[in-house]
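In structure tokens, one chain follows: the form predicted alone.
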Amino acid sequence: MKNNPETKTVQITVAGKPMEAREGQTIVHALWQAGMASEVMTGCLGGVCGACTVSVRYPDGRKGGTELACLHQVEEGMQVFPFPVDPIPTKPPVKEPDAAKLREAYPTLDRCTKCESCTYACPMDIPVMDSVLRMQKGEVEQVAQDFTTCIHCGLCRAVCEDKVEPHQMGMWVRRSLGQSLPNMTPQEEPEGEAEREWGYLMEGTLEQRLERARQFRTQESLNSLEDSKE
């Protein structure tokens, strides 16, 4: 690897293979630069899809754990272990989900032994085990909130020795609640409305545009926004 002499480099290992990387690079970019792209799967490269899951260890005794290789930066002496999780089929959502319907779809729900491995494995800091306990009580609205940031990487399932499938259940709850919402009839938009709204959102300084976007999101239409100012 050719580097600027002023660029600091670090030595890491990936699946036991030593390699050099630039300080500050993400694990994925370091692998690409080293010609080792096949060592870790990639998808969105933005911490959303969960394809590039890895586990890491540090030489200074810090606690390692599971990370997303597209977001986690390399460090001197870091050991990286690819940890892909095979996808499994999802269960169809139902209307008005509750604990009984969830148990019917996922009979392993009550196997949780509260070891909390799922929570420690989650790279998105979701309180997975607590949410599984909420599922058992039928607190589906809170469960849906818990899994808002789930990237479906499957690590919580992979580390569960009792075959509980938290991320599958969390997403099932969210999809089921979505399916339970009243049907909405699409409304035809007046000609040129999209261009008018876009022009409104893009006018002004960055701060003004941000404030306009916040107000627009609250009022949901430019007409409502204008009416609220009268």
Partner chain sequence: MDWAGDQLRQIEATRRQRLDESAPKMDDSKASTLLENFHPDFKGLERLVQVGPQAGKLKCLSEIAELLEADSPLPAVFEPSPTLETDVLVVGGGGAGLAAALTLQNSGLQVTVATKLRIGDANTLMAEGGIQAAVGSNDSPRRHYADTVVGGHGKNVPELVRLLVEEARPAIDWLTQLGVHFGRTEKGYELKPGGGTSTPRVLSCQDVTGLEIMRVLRDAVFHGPAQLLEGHSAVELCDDGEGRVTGAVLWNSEAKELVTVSARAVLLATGGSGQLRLQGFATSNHLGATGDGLVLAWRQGCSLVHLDSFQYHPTGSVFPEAIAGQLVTESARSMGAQLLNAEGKRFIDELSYRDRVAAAIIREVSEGRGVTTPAGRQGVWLDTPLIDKRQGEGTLARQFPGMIHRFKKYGIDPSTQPLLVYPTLHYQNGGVAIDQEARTEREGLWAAGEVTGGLHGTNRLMGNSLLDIIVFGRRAGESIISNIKDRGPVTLSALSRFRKERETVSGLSQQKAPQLYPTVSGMKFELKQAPLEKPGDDSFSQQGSAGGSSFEPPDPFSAR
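Positions refer to the first chain, counted from 1. Not measured: the values here are computed from a predicted model. Heads up, when I say rigid core I mean the largest set of C-alphas that superpose within 1.5 Å between the two forms.
Omitted from view is the form predicted in complex with the partner chain, to which the following refers.
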| property | result |
| --- | --- |
| Among the candidates Met124, Ala99, Cys112, Val94, the residue which, in the predicted complex, approaches the partner chain to within 4.5 Å (heavy atoms) | Met124 |
| Partner contact for Pro82 in the predicted complex: the partner chain, 4.5 angstroms, heavy atom | yes |
| Contact flag, Glu195 vs the partner chain in the predicted complex, heavy atom cut 4.5 Å | yes |
| Close approach of Gln219 to the partner chain in the predicted complex, 4.5 Å, heavy atom | yes |
| Gly43, heavy atom within 4.5 angstroms of the partner chain in the predicted complex | yes |
| Any residue of 196-216 that, in the predicted complex, places a heavy atom within 4.5 Å of the partner chain | Glu197, Trp198, Leu201, Met202, Leu206, Arg209, Leu210, Ala213, Arg214, Phe216 |
| Did Trp198 shift 2 Å or more between this form and the one not shown, C-alpha, core superposed | yes |
| Post core alignment: Gln25 C-alpha displaced by 2 Å or more between this form and the one not shown | no |
| Yes/no, Gln219 Cα shift of 2 Å or more between this form and the one not shown with rigid core fixed | yes |
